Structures are given as C-alpha cells and as structure tokens.
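There is one chain below, alone, in structure tokens, taken in the form predicted on its own.
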C-alpha cells in the first residue's frame, strides 16, 4: 500500500528553533535532529559547498527514516541503513543537500559485477502540499531526481577516463580515430565509432559532474532531463559517506512544473544504494516525502 506522510503539527518556525537552540544552562548539548528539512538561506550565495565546509555548521540537522524498497520487483526486503542525516542550504537560485549515512565499505567501482554506492534526492517540480506519489512519481505527475553515484565521482577525481584504468592489462589493436591527424577529425571518428555516443545515449557523454538530473512518472519510467546542470561532491571517512548534491531550484527547460523558489514550503525524498550489498536499480533504500522549508532573505518561519 502506498501512503503519504502526515505532516507534524509543529510549525517550520518551531522546527528551526529546535534545531538551533542549545541548553539553557551548563554544558551545551547538540540539539536532536528534526524530522523535517529546513534549508538555511545563505545571503552571500550557496556557491559550491563541499562536505565539511563551515557553512554547513549553521544548517539545521534532520534525521530521515529509510525504508526498504518492497513495492516493486526486484525488491529489497532488508535495507541495512535505518536513517540518514540531512542538512540543506539555499539561495535565490540553488539548493544544496549534505547527506550522510554510515557505510563500512566505500564502493566506487562499477566493473566485474561490482556495484557503486549511490544516493538520490527527489523533489516535486512545483511547491505546495499536493505532491506526486513518493515512489518516483505517477503518470502525469512527474518528479525530478538528482542522482549521485560513487563511480561517477571516482572517474571525475581520476581525470580523463580510459579503459586501462579499470583493466590495466587490456590491449587494443587499433582505434579508427588514431589514424586522424586533425583534432576535429579525431573527435568525429571517436564519436562515430563509439556506439553509445553515436546513438545519443546520455550515459556515454563526457562526464563533467557526479550527478545525473532525471525525471520519472513512476517505476520504470526514469529518463534524463534535457539539461544536466546539477553538481556533486563527496567524502568517505570514519565509516561514513558525506555527499553534497547541488541543484538549481528551477530550470526553464525542465518539464513538469515551474520549479521551486526560496521562501516556499515543499517536500523532499531520498534513496540510498549500498554497493557491497549488491543494491542497484530498484534494490534500494527509500524515504517517504519529508517536509522541506526553503529559507529566504526575509524568512521568519511564519509561513
């Protein structure tokens, strides 16, 4: 049975105060994580915040419960990760999420039957309380999904990828592009004889980000958005992933709705994959919709 979360009666103002308040006396204790995500408005602009940057220290912490994906085949019956911790920042153009979860093994390879760790941020393409189904949307009511994968990040960190990075003993007789002397001819031949590029498969494009921008209207409908603009960064230390996903609040060429604006209330959902547990595709951990408050320059919480 599919269901929607019941929004607690506590106001966004109350959540923000609870997240930032300390003890009234004596040694201060960390405030408990809230159940709703409040994006801290950054007047100077979000920029490109990396995991561990000081700007995250002021952002309220939210704990988001994770459920096994047990609705469609192939299912995942035992998630192994009960919750994730989330912080968010925003300005008038962008929103950034810092997502952390415990994982004893950093899985970054995507070869020889190995699966990479991954995390996804799901947003409705319009604000308000009437959200699409949390399980990847529904027919006629899409969701936008920003998908970070550890293998993407590894390839970016390594620089220009080549076959020998994964298979150091590989031997190639000849590439047609090797015979070209002009750089433009090399690129043309390389694309022509790289079947994925020639077919327009976005997976084979030259990667400039560790995040894919996707759209879905239910299980089995996932596809690429027409513009790929989101970015991601990550760190794994002390048995924990810390991943930042930065996305625009609105993109004119993204279908489904007008996007979001600072100062609005909306929702967000997450999914996590553990590569060492052979999780890929629909074998994942998921959340239901979590209320999301987008701060603004005049944000008081009374919305």
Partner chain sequence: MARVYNWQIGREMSYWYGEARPKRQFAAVFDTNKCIACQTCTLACKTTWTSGRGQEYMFWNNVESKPYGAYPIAYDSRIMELLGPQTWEGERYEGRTIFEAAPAGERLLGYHPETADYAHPNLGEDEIAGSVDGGMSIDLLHPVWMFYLARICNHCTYPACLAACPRGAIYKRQEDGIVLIDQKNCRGYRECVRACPYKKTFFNSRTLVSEKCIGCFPLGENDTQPRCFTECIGKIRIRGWINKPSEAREDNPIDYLVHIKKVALPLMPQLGLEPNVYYIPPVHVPEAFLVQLFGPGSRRAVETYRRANEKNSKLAALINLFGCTSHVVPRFEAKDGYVSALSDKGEKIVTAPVREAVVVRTAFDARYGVPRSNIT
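Bear in mind the structure is a predicted one, so any value in this text is a computation, not a measurement. Take the two forms, find the largest set of C-alpha atoms that superpose within 1.5 Å, and that set is the rigid core. Numbering follows the first chain given and starts at 1.
The following text describes the form predicted together with the partner chain, which does not appear among the structures shown.
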Response to the item:
Of 273-281, 60-68, 255-263, 231-239, the segment with heavy atoms within 4.5 Å of the partner chain in the model of the complex is residues 273-281
Fill in: in the model of the complex, residue 172 touching the partner chain (heavy atom, 4.5 Å)
yes
Worksheet item: Looking at the partner-bound form in the model of the complex, is residue 197 within 4.5 Å of the partner chain by any heavy atom?
Response: yes
Practice prompt. Using the partner position in the model of the complex, report whether residue 111 sits within 4.5 Å of the partner chain, counting heavy atoms only.
Written response: yes
Discussion item. In the model of the complex, is there a heavy atom of the partner chain that lies within 4.5 Å of any heavy atom of residue 134, even though the partner is absent here?
Written reply: no
Discussion item. Looking at 139, 184, 227, 77 here, can you tell me which has any non-hydrogen atom within 4.5 angstroms of the partner chain in the model of the complex?
Written reply: 77
Discussion item. Using a 4.5 Å heavy atom cut-off, which residue among 120, 214, 123, 99 comes into contact with the partner chain in the model of the complex?
Written reply: 214
Worksheet item: Among 41, 104 and 130, does every residue place a heavy atom within 4.5 Å of the partner chain in the model of the complex?
Response: no
Worksheet item: For the stretch 215-248, which residues lie within 4.5 Å of the partner chain in the model of the complex by non-hydrogen atom distance?
Response: 220, 221, 222, 224
Worksheet entry | C-alpha of residue 175 moved at least 2 Å between the shown form and the other one on rigid core | yes
Worksheet entry | Rigid-core frame, C-alpha of residue 114, shift of 2 angstroms or more between the shown form and the other one | no
Practice prompt. Determine, after fitting the two forms on their core, whether residue 78 shows a C-alpha shift of 2 Å or more between the shown form and the other one.
Written response: yes
Practice prompt. Relative to what we see here, could you say if residue 192 and residue 253 have their Cα atoms closer or farther apart in the model of the complex, with a change of 3 Å or more?
Written response: farther
